[in-house]
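Structure 1 and structure 2 below are two forms of the same protein chain, each written out on its own as structure tokens.
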Structure 1
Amino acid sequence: MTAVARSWGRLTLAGKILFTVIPILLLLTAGLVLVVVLFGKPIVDFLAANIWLVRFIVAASAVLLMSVPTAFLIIYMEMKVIALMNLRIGPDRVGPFGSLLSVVHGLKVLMKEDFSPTGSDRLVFTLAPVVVYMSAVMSLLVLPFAPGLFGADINIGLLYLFAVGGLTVVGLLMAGWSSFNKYSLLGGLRSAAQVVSYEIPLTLSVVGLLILTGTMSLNQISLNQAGWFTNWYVFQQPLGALIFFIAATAEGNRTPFDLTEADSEIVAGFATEYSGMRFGFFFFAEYVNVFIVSGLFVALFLGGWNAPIAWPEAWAIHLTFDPGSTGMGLLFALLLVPPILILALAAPFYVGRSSLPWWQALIIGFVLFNVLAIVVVGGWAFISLDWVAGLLWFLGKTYLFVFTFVWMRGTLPRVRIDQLMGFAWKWLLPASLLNLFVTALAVIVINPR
């Protein structure tokens, strides 16, 4: 044992990691192979007989896995954009251009002490952030990202989204009441009043759209907007789109309607007494809601995954070549072509700069080769695969609206609570009813049947 301990002490950090990780990987691989050999066929038969269960697990896992990176990306975008608006650099230390700073913020939240204040209802206090976060995650299930790329296509998808999204106010009320803090209670009551006020014009703003489409399926609504951008419903429902955008901003508690956590008035509102990961759930849910609101607006009014121009069939590239037919030739091509291209890309840097070591030139060539491969494969996939092109169009439009929300936070002041409530009841509600009546009248006049 002494010799083993002495040998272990002489190892470098990399050696210790190597001798620790490799045996663990070997054991896990051997266990996986054993499980596949013994239980592989029964598992495959069970999954084939219950394909709906497999699809549900895959969809739920994908939604959960994408929520945190989405929040990290929007947090970084908010820090960087607002900094540039203020003529500052913003995050530039952690990761390339400071892109990993939001990840550090998430890890910091995980390391913070998580405690419950004296006098709080601990069960409700703990469940409140879970309700808020799960409300945001469940809303992602019906959002159509691309043709065939969605969690569930149900014929009442829009109604489901409004119903599940409304659970956010339940979590905020739970947080405000259970914290045993007057500022938290005020934040919870404000959230209830705000959601009740803006839920009505938000729902009525899409009723005119439902009259035109005849369906509440978000997937079908996106399909109806295929072709040129003139088919997008924002041109048929401009007032409805404007009302929806304003009401959705208030529903997502974003500036200038962030009265539930107004730091200049009520400290942090419902989140005043929260710390650690429970505060992190609120933090992530807010940014996931920004993505959901932006994606929902895109799906309803801006064509969803559809391109702004009709995509001619003649432009599509179809891969008729079967790589498997080449046999060993494909293997030799995969082994020879990348090194040759890497050397060809590295040669100009090595020849052009005599002071550059050969290994640095090879690294540059390797990076350029990967960039070139990504561009070529991505361009082919964009042109030939509908779901890739649709996903890129959808994310591009969605993050354009995410930028708009960040822009609003960096420029607009917070309104007063009486202005917030008065605007909903005095302006948005009558405007949404007017939009509904005008749409119904137009449908009767144009299509009397």
Structure 2
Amino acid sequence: MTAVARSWGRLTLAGKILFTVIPILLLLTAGLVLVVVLFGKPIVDFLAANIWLVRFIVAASAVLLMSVPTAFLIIYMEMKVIALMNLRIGPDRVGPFGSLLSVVHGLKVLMKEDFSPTGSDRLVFTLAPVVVYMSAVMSLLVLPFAPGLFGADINIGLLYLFAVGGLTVVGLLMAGWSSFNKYSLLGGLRSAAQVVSYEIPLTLSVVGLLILTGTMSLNQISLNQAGWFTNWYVFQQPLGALIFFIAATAEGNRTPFDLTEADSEIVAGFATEYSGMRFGFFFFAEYVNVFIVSGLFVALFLGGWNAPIAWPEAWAIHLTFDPGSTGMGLLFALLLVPPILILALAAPFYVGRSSLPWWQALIIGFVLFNVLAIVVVGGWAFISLDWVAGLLWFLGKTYLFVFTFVWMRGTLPRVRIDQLMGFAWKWLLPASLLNLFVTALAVIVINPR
């Protein structure tokens, strides 16, 4: 707690205001929800009549809100995993296993001086992180997380993703130019060259997939891969998946293709002159991009939210229990079951080990009860709500790929800029064209009109 208290002491005025206002806003939101639930028949009717607008606002807010925890999680994962790979301990001070370090990072970034260097183009310098972050958050809008759980099911979803994702480079160019620094300019130029080059194999590698699916909607592509894991497009498009993965690594500016910020060559590239929350936005955007790229790979090639195994319908477990049907009984159960179960779980420890004080036994019981409750409720939701199962599968696969990106950062050296460009134009582009032609030929041979 001391670290948090110290961070609070060093917050700037703006940071202090922000950190008081956000909980108040959360409380107000909760109160608003309560009001709507209690006497909101006309309000609910109004919202139900304009469900498209509500859906849009909720999706946009949810995407914006989920980007920060996602970035926090991936930043912690990267620090910890790379530390373990390097035989270090990594973050271990704040929170269990250092898992709250990202929060302190956020505080640190907020309380730094909002600095822009002499000779910089102030307006462009300020807008650059906004553009980068906006492109990352807007890309999240079309990712299909689970059946029915997506921001928008646009029928040109994939094109939208590439178009919006391509805006990142505009922000990087703006940052590189406006910093008034040769290293930053080099970083911006590198990012432009790199992203424009790798966008071509990236886009071409999914054209073969589009021939197979016949749609650009990510939701529909995920639906097409239902069933056993052999239906996943990675088995029909192995070359396309490989090219997509490599090109996406370059698009996301990740090692071994992170030449835009190559700290051993050009300090930190476009981010050299950035500090405080402006740098924080670049930092967050990078990790949100890792999540997006992983999620996109999963949605396109690894079946999206589908489980790898399709059980026969006869084996499926059907839970017909609906919590709402119990009425007032549910309320009593919610009130009575937790204390009873906590006491019941604590009793064996208290009886079995006489040296244990009663409050420690209670804490053990509380923790055990929470684990049990999470398992039971989670299991019930996993079996009876298909969007929970889909979300878990999607996030599981996605974080597997996030881990792969972190792993690559921990093990692979950075390539040279000429190797990078040569690889894109001489190897990836012909390979993606080959993939496209072979796929088109196979579709014509197998499925002639």
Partner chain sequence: MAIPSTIPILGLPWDDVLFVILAGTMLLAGLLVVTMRDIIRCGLAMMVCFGALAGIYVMAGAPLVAGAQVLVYIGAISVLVLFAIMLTQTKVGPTRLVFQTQAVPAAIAAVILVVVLVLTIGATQWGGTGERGETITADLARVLFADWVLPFEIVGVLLLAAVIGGVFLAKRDRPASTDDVE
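Along the sequence of structure 1, residues get numbers from 1 upward. It should be emphasised that the depicted structure is a prediction, and the values quoted were computed from it without experimental measurement. Definition used throughout: the rigid core is the maximal C-alpha set that superposes within 1.5 Å between two forms.
Annotation: structure 2 represents the form predicted in complex with the partner chain, while structure 1 represents the other form. On core superposition, Ala48 has its C-alpha offset by 3.8 angstrom between the two structures.
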